[in-house]
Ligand code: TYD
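Next up: just one chain, as structure tokens, the form predicted on its own.
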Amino acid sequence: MAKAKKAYVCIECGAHSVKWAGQCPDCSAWNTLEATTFSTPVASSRPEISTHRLDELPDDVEQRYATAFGEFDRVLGGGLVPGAVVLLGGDPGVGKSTLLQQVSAGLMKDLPVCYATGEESLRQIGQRSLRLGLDAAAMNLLADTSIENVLEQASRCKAKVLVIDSIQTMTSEHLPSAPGSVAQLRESVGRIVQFAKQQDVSVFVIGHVTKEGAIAGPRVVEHMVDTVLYFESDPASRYTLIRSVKNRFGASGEMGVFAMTQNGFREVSNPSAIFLSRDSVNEPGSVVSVAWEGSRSLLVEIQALVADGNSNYPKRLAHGVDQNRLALLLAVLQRHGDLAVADEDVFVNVVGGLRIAETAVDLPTLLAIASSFRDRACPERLVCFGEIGLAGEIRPVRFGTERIAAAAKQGFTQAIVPVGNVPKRAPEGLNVIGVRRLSEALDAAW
């Protein structure tokens, strides 16, 4: 038996160190080195892998498997790629196992599927299948925590799709460390990736998350897989968002919208409808904008409330937009918009619990704040977008033509956009107003 060796591994970046230190020498993170043991694996006879020419590949290199959800296919970049390894993370109880069991039931109509779990019993999986009303009687089920046995059984049943729930429970017999440790995660994910690429098997891997929301374990795990998906769920909302933060086969940042029902997840075909409240759009402090998420446009409602400050330190709270950028925009509004809001409490919210990271919502955010401050509602059926600079200029954003077209489809009749985003031919029924300065946008809104 190989002699075990002791070393220290950083839980953030996965770097190795022969001795403990307070700071990781590679990523400079503090108190991240944890003791682990390694054993030198016994040399095994591995089959030789030869090279192949690009023109020798089969004709179905662009093949993708369609799941039971169009929204999930969108997040994956158009479907599940054979041999891809997809890592799915989210808070406890958000529905990771439920979604993948529904996806597996949809895939097994055309492909053999193996569902391996290290957290539940086979009876529990069967109970969930009955509760969801899934027709998955022929699904191959396995309850084991040995990664070697899981991959062997998946190969025996000739599965084309493998689901592992979860990676933190899997262990390798070659390592003496505990399940969920850095060494076990690196070894288990490495074996999964090798198995998926050599056997051309698509693998879904469920990963636990930390209290900060990141997937537990070293970041090298996210680098090894092909796609990383995160659940974004607001406890106060019945809708769940799945966003891709990494995708080798599609656009990163793509978003899918689902609704949790008694029969499991149901996809939302028109996400703009759930983020727009027609009753509140005509109220002061409410403006509709067009955000770009992945490869789609999304109409969202941005609300603002300006109230008299009761202390020497006015409050600046933002939910759904960057709070640091809010302070910057308020300074621009006071300097170039002639609105004195320095002593006022300002609150900004994106309806529906959506988080928007792009700067295209700068202009609608300031228009909502000005509307609340003046207690005057914006014109009905108005939509706007644009980035605001420190000098008060309004800069164009990407996909301006597509955003304007999406607003026209939803029935909006007026749009305030940067001059650089004004199309040569506006959609029928939509009056597009191009502005260069913040003052021009405020005048155009009222």
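In this text, residue numbers run from 1 along the sequence as written. None of these values were measured; they are calculated from a predicted model.
In what follows, reference is made to the form predicted together with thymidine-5'-diphosphate, a form of this protein that is not presented.
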269, 324, 262, 311 - the one with a heavy atom within 4.5 Å of thymidine-5'-diphosphate in the predicted complex: 262
Sole residue of 141, 132, 351, 332 within 4.5 Å of thymidine-5'-diphosphate in the predicted complex, by heavy atom: 132
In the predicted complex, residue 358 touching thymidine-5'-diphosphate (heavy atom, 4.5 Å): no
Partner contact for residue 98 in the predicted complex: thymidine-5'-diphosphate, 4.5 angstroms, heavy atom: yes
Proximity of residue 186 to thymidine-5'-diphosphate in the predicted complex, heavy atoms at 4.5 Å: no
Exercise: residue 224 in contact with thymidine-5'-diphosphate in the predicted complex, heavy atom 4.5 Å: no
Partner-proximal stretch of 73-81, 88-96, 240-248, 368-376 relative to thymidine-5'-diphosphate in the predicted complex, 4.5 angstroms, heavy atom: 88-96
